[in-house]
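Heads up, the chain below is alone and in the form predicted on its own; it's given as structure tokens.
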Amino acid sequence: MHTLQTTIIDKVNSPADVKTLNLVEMEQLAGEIRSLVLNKVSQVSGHVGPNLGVAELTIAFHHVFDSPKDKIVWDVSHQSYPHKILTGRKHGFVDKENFHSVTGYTSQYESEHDFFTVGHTSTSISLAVGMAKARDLKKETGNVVALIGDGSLSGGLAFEGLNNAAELGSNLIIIVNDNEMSIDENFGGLYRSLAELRATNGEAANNPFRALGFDYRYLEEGNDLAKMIETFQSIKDIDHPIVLHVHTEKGHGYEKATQEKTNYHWRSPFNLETGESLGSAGGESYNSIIMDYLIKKVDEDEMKLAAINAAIPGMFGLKAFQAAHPEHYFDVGIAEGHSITFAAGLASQGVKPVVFHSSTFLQRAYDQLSHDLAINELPAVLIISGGKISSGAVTHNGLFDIPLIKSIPNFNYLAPTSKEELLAMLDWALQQEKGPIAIRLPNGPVVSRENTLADFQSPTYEIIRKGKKVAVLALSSFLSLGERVAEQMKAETGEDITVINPRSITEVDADTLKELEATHDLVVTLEDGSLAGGFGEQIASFYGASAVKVLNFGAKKEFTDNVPLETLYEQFHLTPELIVKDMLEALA
């Protein structure tokens, strides 16, 4: 049983209280903060290693600086739990009933000590440059601090921010929190430079920050509170841009997190004593099915194939592929745009790239999807995970991938409903040469169902159930919802309705839709994503000049923030009962 220690934390309700503590008390406070973080994340999930590693740094910041006059921007903000505990939000870490009262990322709506809602990487430096310039234009004072991890430095926006920050000419403090890790291990030439700086206590001639024009300081003992305080005191109110390079330990203070840094970057609920997950046991997944398929493809040497991801191998089980074929595996760091253009370069030379992306991160590569892949009609394959309506944070809404990809010409976005269909689509996508193919992974447990199609170039809808009056077009994982709607309709009216698996998101099967026009009064679409610019709008447009009524079911055009899924389904009428009710009203 994990015992909470809150002797010092009980005295701390704001940053002003941190300033009254002596060194011994602050060192005890660091341990108590870690205890609170572990208490929460082990029960409800969250980021572990990033928060444990910055406890001393955060305490030192609030001991030396004067928040919110002195402003700190946390890159990604997934390491801001200690900051939240010290800025009046400790209740969200102590009592289980309050765990969800505090978000997992910074929020200006939550505290005056936060300035942005942030959940994606590499943004902090650009945001801080803007804040610092605003301070200067308004003739105000105060420090502006950006804290960015070494992993986040691999994102292109971080380089753009650094390039401009060096020319600011006034106070700006960029803390590079170097824990030698991204979500997984770091990749890229920058990390050789960081390693040299660590090895030489910041004295290496190869210093990318000095090369850009920054003042630079290095602190090896980033988990030493006294040294962290002393360093912050020496640079507070500095009159020019400086990079403070701090070496910390990811997961510091919890042995399992330091030994398994990737596993403890973010974790679902787990046993603090054993480290074992409290969730369901693993088994066959769509990820494992894809990995087995790709490993076999390379084993058979049927084609030159490359598996690419942007620092999220754990989301797809890519470590299995890397272990089998390391020369075919590429982690480009947190650089979504580069991952797509890199894939375009590979595809232009006859290599078949398979690029793995989370729906919520894919939006960071819109221009590359359009300009580099689609315009050039290059046959790359994208595997998209997490495309769904979810109870997640506002920064991680994964429901905009359909309108994003659907807006780009030359893209074929496919929606499998089973493992057989997924494998058939993947097999076809790797063989075809006509342009980029994206495949939206189904959500939920693996479904096994006979597949009847081998070529997906032209849209061919699959009729699952034949009925009258009403046809339901249900995309991917929502096919099961469509079948439950048919059963609900049968129970309420005694009538059979048609259920269709569209297979393609971007293209319409005009022949099937014309046949439905002749035999049905109402067409219903179900999609696990945003309705605005989505699949359903395309079907509604097709029937615009006809007498057929169309109802579209999916998510409204809005950001949702940690709203329970059941609540969202009620709001969006995504239950069989509410869908049938709306259908009967439309028919009446």
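From 1 onward, residues are counted along the sequence shown. Just so it is clear, the model here is predicted, and its values are computed rather than measured.
One more form of this protein, predicted in complex with a further copy of the same chain, exists but is not displayed; see below.
Asks: When a further copy of the same chain is placed as it is in the predicted complex, which of 92-100, 383-391, 437-445, 117-125 ends up with heavy atoms within 4.5 Å of it?
Replies: Contact criterion met by 117-125 only.
Asks: Can you confirm whether 368, 538 and 541, the three residues that make up this candidate site, all sit within 4.5 Å of a further copy of the same chain in the predicted complex, judged by heavy atoms?
Replies: Heavy-atom distance to a further copy of the same chain in the predicted complex: all three under 4.5 Å.
Asks: Can you check whether residue 550 is within 4.5 Å of a further copy of the same chain in the predicted complex, heavy atom basis?
Replies: Result yes; residue 550 sits at the interface with a further copy of the same chain in the predicted complex.
Asks: Indicate whether residue 192 is a 4.5 Å heavy atom neighbour of a further copy of the same chain in the predicted complex.
Replies: Residue 192 belongs to the contact set for a further copy of the same chain.
Asks: Using the partner position in the predicted complex, report whether residue 164 sits within 4.5 Å of a further copy of the same chain, counting heavy atoms only.
Replies: The answer is yes: residue 164 has a heavy atom within 4.5 Å of a further copy of the same chain.
Asks: Is there a heavy atom of residue 504 lying 4.5 Å or less from a heavy atom of a further copy of the same chain in the predicted complex?
Replies: So residue 504 does not count as contacting a further copy of the same chain.
Asks: Please pick, from 216, 254, 456, 342, the one residue with any non-hydrogen atom lying within 4.5 angstroms of a further copy of the same chain in the predicted complex.
Replies: Selected residue: 342.
Asks: Among 297, 247, 419, 71, which has at least one heavy atom within 4.5 Å of a further copy of the same chain in the predicted complex?
Replies: Contact with a further copy of the same chain in the predicted complex is made by 71 alone.
Asks: In sequence order, which positions of 346-380 have a non-hydrogen atom within 4.5 Å of a further copy of the same chain in the predicted complex?
Replies: Residues within 4.5 Å: 346, 348, 349, 351, 360, 363, 364, 366, 367, 368, 370, 371, 372, 374, 375, 376, 377, 378.
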